[in-house]
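The chain below stands alone and is given as structure tokens, in the form predicted on its own.
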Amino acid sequence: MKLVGIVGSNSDQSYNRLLMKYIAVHNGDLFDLEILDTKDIPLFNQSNDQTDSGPIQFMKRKIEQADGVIIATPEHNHTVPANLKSLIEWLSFKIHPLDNKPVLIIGASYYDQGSSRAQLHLRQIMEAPGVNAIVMPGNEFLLAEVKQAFDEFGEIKDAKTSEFLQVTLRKFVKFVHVAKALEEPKPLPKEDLNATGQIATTIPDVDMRAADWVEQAAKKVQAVSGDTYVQLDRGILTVDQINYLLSSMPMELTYADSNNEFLYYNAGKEQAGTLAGRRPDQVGNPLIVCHPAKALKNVEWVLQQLRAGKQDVIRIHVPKHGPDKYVVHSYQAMHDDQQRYVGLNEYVMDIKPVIDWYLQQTKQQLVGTTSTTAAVASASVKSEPVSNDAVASASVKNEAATTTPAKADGVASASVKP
């Protein structure tokens, strides 16, 4: 289960952040908790709309990806801090990621009331129209006199307090499951796999399906090459150096933009043969050309998840390469400085050499492998068989296109022959 923890205080020495870290450390068996700070959240001002700013969009995406939210609030003048209130205002102004999202409210305070009044106020705010979160009733966790509550290692001193917190968190996990069972899935917009639209970086008047698209497009925009320097976010390299770097990566990389046009792959992998079957003439193609028709349903599902921010990365093990390879296809959403979706980075890698090296170094061994799967979950955890429903190959059976989206996430941009 994936949860996010929002720290209501923007103080550098926040006890509510310390409480959230304690929860993350001691509850890894219950959930994965990602802690989010409110330090960079601008003061809410309807006349200065910052809904599309990076900090707000980042919060939106993380909350939407999570199964539930834990909010830890201090108490300022009998209510919640201004920075936390501003965050909720932004998340209920034009965007509504908290809508029907299970929320647990906790808090820590210097005084013996343990942020009780702030928590009561926050419950009312979270249930307001526009926010419409599903706040877990009862089960208040109020950590009072917080300066004395933690030891030097960030551990809660009082055993009964720690035990009550664990009980509350276990109940919240059950609450999240119930809330998700009642939730109606919201359909996502259709993906234009033909890439008929245009974005700011689309190169016009060049046929996307042309075998020499790269040459035509480079001439059209007068693209730099060779020893021309390019300034990157933290460095300066020539185009040749960038190519050397990308070609040396121990994985096959693919870039498809937000218009669903396949723009790049690191061609250096062609020399040894590719796992994803990319070809030079595919560059420039719309994604619909790069996949068999039976795979398009699952291709669209992956793109929808990444574009909508439901997930940042989707991975699948592709066993078609045989038992001597552990091939993993990963599909990573890319975002600009304003957290806007700008495309898909697919990276394909045989992780077996890395695992073999790690096992040799640590003197560990894999357990729970089967004859039909290459189980690589960890050196100490038994792995489950993986069903062969990847759509990263033209040889996948037709049933793959009708599997549940959670298993079928092959969007190997140019990874299959059309």
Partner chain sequence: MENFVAIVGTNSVASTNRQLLQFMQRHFADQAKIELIEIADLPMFDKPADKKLPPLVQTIDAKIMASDGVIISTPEYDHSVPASLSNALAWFSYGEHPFVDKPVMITGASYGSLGSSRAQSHLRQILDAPELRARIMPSSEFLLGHSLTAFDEQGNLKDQQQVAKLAGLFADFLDFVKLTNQLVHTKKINQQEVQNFSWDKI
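Predicted model, so just to flag it, every value in this text is computed and none were measured. Numbering follows the first chain given and starts at 1.
Not on display, but discussed next: the form predicted in complex with its partner chain.
In the model of the complex, its partner chain sits within 4.5 Å of a heavy atom of Asn83.
In the model of the complex, Asp212 stays away from its partner chain, with no heavy atom inside 4.5 Å. Taking the partner from elsewhere, Thr79 is found to have a heavy atom lying within 4.5 Å of its partner chain in the model of the complex.
By the criterion of a heavy atom within 4.5 Å, Ser92 is counted among the residues contacting its partner chain in the model of the complex. Note on contacts: among Arg315, Lys190, Lys147, Lys186, the single residue with a heavy atom within 4.5 Å of its partner chain in the model of the complex is Lys147. Across the options 243-251, 124-132, 200-208, 216-224, residues that bring heavy atoms within 4.5 Å of its partner chain in the model of the complex belong to 124-132. In the model of the complex, the residues of 33-52 lying within 4.5 Å of its partner chain by at least one heavy atom are, in order, Ile41, Pro42, Leu43, Phe44, Asn45, Gln46, Ser47.
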